[in-house]
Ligand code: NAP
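Just the one chain here, the form predicted alone, laid out as structure tokens.
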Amino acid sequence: MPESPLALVTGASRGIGAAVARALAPTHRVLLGGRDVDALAEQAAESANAEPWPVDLSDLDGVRAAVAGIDRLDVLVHSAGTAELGTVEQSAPAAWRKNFEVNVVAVAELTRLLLPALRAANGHVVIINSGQGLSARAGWGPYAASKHAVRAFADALRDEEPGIRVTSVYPGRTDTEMQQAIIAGEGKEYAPAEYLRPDSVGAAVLSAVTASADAHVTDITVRPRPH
């Protein structure tokens, strides 16, 4: 019996990353990327097809060591991210650097290191972007700029690597711990029913990954339905 395809999901300890891993687990062997070892172990316990892949994506030496044994990779999902918000006036260089280091540089470097494995499998790269990667509004500049940059990265990768499918996913506001922190920073009351469920984003990713071989789903926008 052939071995199941291999998927690596970053940010898989919680939120959208965990939901994507759950969506892929029935059909894929899933490496759960993240820094929280205990949370990754809890996620892995939910599926016999999932195993922790603990790594700090900002530790480039650690990342190189972690990918060394991966010679074939069918799916790479970039879900790890950060959201440092603020107006242009308020945002110091550190905020811009953190957004770009996590949301762009880490994505680009992990993809670069895994390109041989992705090429070997005619694989699929999925980048969880944001609505802020399509348009930016006041108070979101540092984060939105990083998401616009990673959209450009995805477009360039797609053009450079015709044998690899590349999908950018643009979720609207989603019910996650990150969203709770953002809403608290905005001074608003948190109402989970107003936001997308992480599993809905996971289902969108699965639809792109399982599309027929002749189809290349390049962009997916998912918004919460109004109540």
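Predicted model, so just to flag it, every value in this text is computed and none were measured. Quick note: we count residues from 1 along the sequence shown, nothing fancier.
Not pictured, yet referred to below: the form predicted in complex with the named molecule.
Participant: 74, 123 and 218: each with a heavy atom within 4.5 Å of the named molecule in the predicted bound form?
Facilitator: Answer is no for this spot.
Participant: Going by heavy atom distances of 4.5 angstroms or less, which of 164, 55, 70, 44 would be at the interface with the named molecule in the predicted bound form?
Facilitator: Here the answer is residue option 55.
Participant: With a 4.5 Å heavy atom cut-off, would you call residue 177 a contact of the named molecule in the predicted bound form?
Facilitator: Contact check for residue 177: yes, within 4.5 Å of the named molecule in the predicted bound form.
Participant: If we define contact as a non-hydrogen atom of the residue within 4.5 angstroms of the partner, is residue 142 a contact of the named molecule in the predicted bound form?
Facilitator: The answer is no: residue 142 has no heavy atom within 4.5 Å of the named molecule.
Participant: Taking heavy atoms only, is residue 194 within 4.5 angstroms of the named molecule in the predicted bound form?
Facilitator: Flag for residue 194 set to no.
Participant: Would you check, heavy atoms only and a 4.5 Å threshold, whether residue 102 touches the named molecule in the predicted bound form?
Facilitator: Contact check for residue 102: yes, within 4.5 Å of the named molecule in the predicted bound form.
Participant: Can you say which of 125 to 133, 85 to 93, 153 to 161, 108 to 116 gets within 4.5 Å of the named molecule in the predicted bound form, counting heavy atoms only?
Facilitator: That would be stretch 125 to 133.
Participant: Within 4.5 Å of the named molecule in the predicted bound form, counting any non-hydrogen atom, which residues from 79 to 98 show up?
Facilitator: Sequence-ordered list: 79, 80, 81.
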